[in-house]
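First, one chain by itself in structure tokens, the form predicted alone.
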């Protein structure tokens, strides 16, 4: 019997856990779900005969090592900075490891040790990163196979709210870790545009978005995501003039989020004094220079907005100008914002989320230029069975099966850009409705 350990039972874990449990009886697997909240882990197991829950504080070394040593494959759904603890134990006890997070430099440094031990450490095996890599590589390699030369690559993904569940002026609700949403984009985005390196610092990121047309869905805003330059060699597109990976949001979101950034509300580096005693109105006033007029009027002037603009309407809808106590002690601005947004952006019963992924690729073949658009749209069933949870969790579950079945030969620390990974994973994902629709046009000279 193969023993699978899944660490983390949060909102993105459900599909991976369910997939492994559904395969457990037939394939002789046993699945342990470990979490610091044992009730949540027990709920995910749901009395399955081939599963059990376990309490785990991942920072407690002896408990962590004991659990890992008794399993064959570890799936870590922990916050990214904790994967290294798990990875070190996996090397010590010779266990395979799968995560959905971006692979850090520290994790890559374990590559030789993992390879020497014939271990498979697969990172970025979720949605974005994950399905984006796999679908992009399949498309790129299909074009290369017929002799095409890639000239431009753009890829965008968004975790959004389905139109039928869109009930607020931000056109957004939480479908993944709220903390990550608040902190998204911090750092400097890097990409190539017209053959030139481009660097967009966080302070400008949400001002410098572009509009993307998604077939059948309409227009969305896209801002640059992290460091796209890292993937030039991985994707085999080192010489092309344009490469960017971006995040999608509904129209109007980026300007309003930029306002939150400019005020300073996404900063997690310092505490707000007496945050449990002051009101949101007082908090906003604390960011403004002296002047006449109401806090809302002065904030509009500070942001360069009209008092009745769409951006100011969104800020007011959040309650930032209300004389209601924040009631969050010893909190940073980012934590206060997260607390506020949770009260405004949580999924309601019956709400459906929506994932959109789109690749746009230009290539040359026989002296002609072609433009390819490959799009995938998936909606969740409800507030619990979300598209986000499926598309993060299913690729990991499928990959676990491939490891157990001996279908994966590539060892060391990797991301899913090799055909032995993306071909079978994408093929099985199609059975779950993950289908890319492609269109290709000849670009007139």
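Predicted, not measured: the structure shown is a model, and the values here were computed from it. Numbering follows the first chain given and starts at 1.
Separately, the form predicted in complex with a further copy of the same chain exists; it is not shown, and the next lines address it.
The chain is drawn here without a further copy of the same chain; in the predicted bound form, the stretch among 113 to 121, 186 to 194, 320 to 328, 217 to 225 whose residues come within 4.5 Å of it by any heavy atom is 186 to 194.
Shown alone here, residue 349 lies farther than 4.5 Å from a further copy of the same chain in the predicted bound form, counting heavy atoms only.
Residue 73 falls outside the set of residues with a heavy atom inside 4.5 Å of a further copy of the same chain in the predicted bound form.
In the predicted bound form, at least one heavy atom of residue 154 sits within 4.5 Å of a further copy of the same chain. For residue 213, no non-hydrogen atom is located within 4.5 Å of a further copy of the same chain in the predicted bound form, even though that partner is not displayed.
For the options 141, 262, 251, 104, the residue carrying a heavy atom within 4.5 angstroms of a further copy of the same chain in the predicted bound form is 262.
Site annotation in the predicted bound form: the residue of 312, 240, 334, 229 reaching within 4.5 Å of a further copy of the same chain with a heavy atom is 229.
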